[in-house]
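Only one chain comes next, encoded as C-alpha cells, the form predicted alone.
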C-alpha cells in the first residue's frame, strides 16, 4: 500500500510540473488557475519522503488533466507528447541545435520521472545488459562519472577510457575505425574530444547512440540541458519563469562551450536579457551572439563585472579555458574578476541564482567562483550536478527507447541514503 501511495505521488508531481511548464506559469499563477492555495500546491509537489507531502485530491488531478487535454496549437505554449532526440535520422545527441523549446521541455518531463532514482529512493533495471562506452580523449571528472552513474542507475554497465595515450588513436587509428569497432562492443557511446566537430565524425560512423560530451570549443549539449533544467526547477521555487529572465554569463565566453550551448538553448525562450561579461579578448563568438539576436532578446556586452551582475536573475560563471589558448592576450582577466561573497551581496538580489558548470578554480586569488559562497543558498552549483544525473538518465532512456518503461519498473532502494548529500547543501523547507 505504501509503495502504491508513493507511486501516485510521483505521478502527481510529474503531472503538476508538466502542467506548469506547458502553461508557462509560476506556482502562484498555477495555484490560482486551478483554484487552490499556493500552500496546498507546494505540499503536492514535495518529495514523498517529506512529512508534509500530501496526495492531490482526485478531483484536482482530473481538473489539471482536463486543462492539459483542452490545450490547442493556438495556446501560447504547447508541448509534444514524447521527447525525441535524433541527428541525421539516428538516435544521437550532438548539438543543442537538435532541440526546439518543445522537445527540450518534453525531455525535462522524462527527467522529472527519473528524480526518485537520481535521489536514490528508487531503482530500475530497464537497461540491464546494455553497455556504455565512455570515450574521453580529454580530461574529465564530473561529466564522465555523471554519464556513467546515469547509465548504471538505469541498470546498465559502463566501460571507461580516458586520454589519447591509452587509446589506439595514439597508434594512428582513425575516428571512423575507432567508432565502428567500439560500436561492436557497446550499445551507446559518450565521447569527449578536444577538436570541434570530432564527435560528429564518431556519430556518422555508427548507427548506435552517440552523445557529445564536449568537442573542443564547440558544444556541450547535455550540460546546457541540465543547466536549463536547474534554472526551471529553481525558478519554480522562486515564483519565476524563464521567459523575460535576465541571464548574466561571466568569464571565458570565447572558449567556454557550456555557455555556447546554454545561450543557444535559452534563446528559444521569449524576451530574455543576456549580459555577456568578459575581457575583450574572451568575448562570446559572433555566431553565438548572432544566434541569440534572432529572437526577441536584449544583448549587452561588457567587461565591467559589477555592473554586469546588477539585476541578474541568473549569474552563470565559467572558468578560463587555458587548455584552449594559443597566443591570446587575456589582459583584464585578473583576480579582480572573481565572483565572491562580497560582490554577490553588493551587486545581486536575494533570489539571484549563482551557477557554474565546474570545475572551478578554488585556489586563493583565482579569478573564478570563490569558495566563500559555499554556505549561500543562492549558490546552485551542487544542485546543478545533482540534476545532471536525472537529465542524463532521461537522455539515455530516450535514445535507447525505454523512457516509457521506467515509471512502471521502479522499486524501492534497499539501502539507506542521507537526507542531505553535502553538509553545506541549502535547505528549502522541504522543497525538492
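Remember, it's a predicted structure, so these values are computed and weren't measured experimentally. Residue numbers count along the first chain shown, from 1.
A second form of this protein, the form predicted together with ligand NCD, is not displayed here; the remarks below concern that form.
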(request) Report the stretch among 219-227, 197-205, 288-296, 262-270 that approaches ligand NCD in the predicted complex to within 4.5 Å, counting heavy atoms only. (result) 219-227
(message) I'd like to know whether residue 359 contacts ligand NCD in the predicted complex, with contact meaning heavy atoms within 4.5 angstroms.
(response) yes
(request) Considering only heavy atoms, tell me if residue 142 and ligand NCD come within 4.5 Å of each other in the predicted complex. (result) yes
(message) How about residue 258 - does it come within 4.5 Å of ligand NCD in the predicted complex, if we only consider non-hydrogen atoms?
(response) yes
(message) I'd like to know whether residue 192 contacts ligand NCD in the predicted complex, with contact meaning heavy atoms within 4.5 angstroms.
(response) yes
(message) Going by heavy atom distances of 4.5 angstroms or less, which of 319, 101, 254, 233 would be at the interface with ligand NCD in the predicted complex?
(response) 319
